Each structure stands twice: as C-alpha cells, then as structure tokens.
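Taking the form predicted on its own, here's one chain by itself in structure tokens.
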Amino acid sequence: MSAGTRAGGAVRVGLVGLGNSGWYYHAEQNLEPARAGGQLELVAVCDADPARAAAAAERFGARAHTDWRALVALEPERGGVELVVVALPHHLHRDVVTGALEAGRHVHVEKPMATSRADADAMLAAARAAGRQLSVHQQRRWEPDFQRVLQLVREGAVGPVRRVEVHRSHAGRYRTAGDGTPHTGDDVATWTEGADTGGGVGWLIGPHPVDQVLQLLGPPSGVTGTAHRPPGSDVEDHLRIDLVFEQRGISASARIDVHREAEHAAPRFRVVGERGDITSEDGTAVVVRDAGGAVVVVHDGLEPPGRLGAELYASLAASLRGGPPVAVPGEQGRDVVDVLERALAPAGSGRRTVKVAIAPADARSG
C-alpha cells in the first residue's frame, strides 16, 4: 500500500478538467459506476469555468472548485481527496500532476501523460519524491479485439511475430461536447489545433495504438516518423510511425497510421507471424489465417470499442488499497511519450531513425 493511503473504504477522488474526457469518459463512464460499487467516490470536481464546475458538482454529487490547488489542499483525513484524476488539455498536465503529487495525492492522468519525455520524467520524479502512485489512462488496452489479438500472440497462434500494422482515425476535427455526448458540439476544441498545446493527431490519437504495439512487441530499437500538415495548420492531420524491434530474440517491425479523418477504413489490427496472420477489420471480429491464407479461427460477436476504462479503474482502486500494482504505471506512459516525441520530432521535414530508451520489460505490467 502506498504511503498516505487509507486502509479501507472507497478511494476519495478529485477530478480536474470537465471537458469531453473528464465529464464523459472519467466521471460518467467510470467514476459513477465505481461509486456504486464502493471502489471509488468522486467527492470534488474542478474546472476553470465556474458554471461547468457547478453543473458537474450537482450532476455527480461533488464539491465544486475552479482552482485545482484548492481541490488538493484539504487532507484526506479532513474530507479531502486521496486520488486526483487529471483530464486537462495536454500542455497543462505537468504543473497539475506534479503539484498534486507534491501535495501528497496519488495521480491518474489522461493520455498522453505529457508531450515531452522531459515533462514525463519530471512527473515520475515528483511521484518518487512524494512516495505516491502515478498512473496513466491508457484504457484502450482493454478494447475487446485488441485483448483477443494480444492473447493469440502470447499463445503463439501464428508463431513468432514479424509485422504489426495498426490504423486509427478520428471523425474529423475535435469538437466540444454536444447535447449530453462528447465530441458532438458545434465548436472546435481550439487547443487541439495548436502545436504548443499538444494538438495534432499524433498526441490526440497516437498514444493508444503506440501503447498497444508496445504491449505486443515490447520496447523498439528504432523509431521513424512521417507527418503531414495541411497548408496553414500548426499540427499534423496524419502521422505514420514505423518501429523496428531487434532485441531479446525479436526481429520484427510495426507501422502505426493515425488520421484526422480517413477516407477509407483500413483494418484496425494486422499481425503477421511466421505461420499466418491475425486481423481485426472493424473491432467486431478477429480472424486467424494460416500461412496459405485459409481461415482457421474466427472470434466474432465482439463488442465494438466504446469509451472503456472499467478494468483500469478497478486496477487503480485495488492498487491503492493494498492490491497488485496498477495496470498502467507512469513509466509505461512515459514510454509512449518517448516514442511519439521521437516520431514527431522531424514532422513535415522527412524521416529519420533514432534509438529509443524504454523501461525494462520487467518494469512493464498489464
């Protein structure tokens, strides 16, 4: 059990940021059900917009704040929060995460945890100094088709893996919340359009497929990135990442494509092994073929990927009450940031391959 964590009862949670992710993916999708299950209790919310904070406080039965410092100031023994969930625009993560850790709170931060390795390392250093837990919301590890693909790879269904291809896209520009649903409003979320604020499809979409590839193949020995920026834009609307893996007996490659809006849907996953391949076209079925192309296994009827997060939050609650380590520790979030930062470094100006320092395999869980 981490220092400063209470011995039992629901973990008291404060949520900072009430946009698409904070309101819908964290509070509504995960923290409300977790409260009903007695695992986590959302007791405080924070947003710079007083009306938004007040509306969330009424909706979720929590105290309203407009300054995150006030949210973390009250000690848990006096009704304060033990865990701070940070769901702010990417460029605001570092100060809030490190500040909450220094105040003695555990922190769960939205992906990407940062937009630079330096910021991610600063967060990890703050967690170590405070003796607190830092975890990252990489909830798409639990997509049903990816879980099946991961299981098949670990079982050796197609032999040693030689190639992984992953494609993702968003339905156009990122918009604010609409009538009770995320990303369906009339206004574009302006911070997603700026390089200084962590916009662009690399940071917005890329963390999920990068994390999935690292789960499948482990640490890469090289990364190549190619990005396309539309005329007049500060950020990319397409990013291609190529990775190579040449260690611990692995000789493989991977390609990740993320688009703002893809004209034609490509397979979500394709894994090529020495004895066949595994494919997920749209998330509802996983097909295994042998080396000759014949279908040998079909796993269908899978739930299409949704908002997700229940498994990760259950792991988070358990870890703070003396259970196993959290499924996505900060070190793994830092690994994702490292790959993306290197892939985006030459954005719009060609390609290059660089060596990547990734946490050792024995530090990786989940």
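A residue's number is simply how far along the shown sequence it sits, counting from 1. Just so we're clear, the structure is a prediction, and the values are computed from it rather than from any experiment.
If you look for the form predicted together with a small molecule, you will not find it shown, but the lines that follow are about it.
- For the marked spot (240, 245 and 344), a heavy atom within 4.5 Å of the small molecule in the predicted complex is absent from each of the three residues.
- The listed set 105, 137, 268, 260 contains one residue whose heavy atoms approach the small molecule in the predicted complex to within 4.5 Å, identified as 137.
- With the partner omitted from this view, the residue of 189, 124, 272, 150 that lies near the small molecule in the predicted complex is 189 [heavy atom within 4.5 Å].
- Only one segment in the set 272-280, 250-258, 81-89, 212-220 has any non-hydrogen atom within 4.5 angstroms of the small molecule in the predicted complex, and it is 81-89.
- The closest heavy atom approach of residue 204 to the small molecule in the predicted complex falls within 4.5 Å.
- With a 4.5 Å cutoff on heavy atoms, residue 47 counts as touching the small molecule in the predicted complex.
- Residue contact with the small molecule in the predicted complex: residue 17 places a heavy atom within 4.5 Å of it.
- Contact check for residue 145: every heavy atom lies farther than 4.5 Å from the small molecule in the predicted complex.
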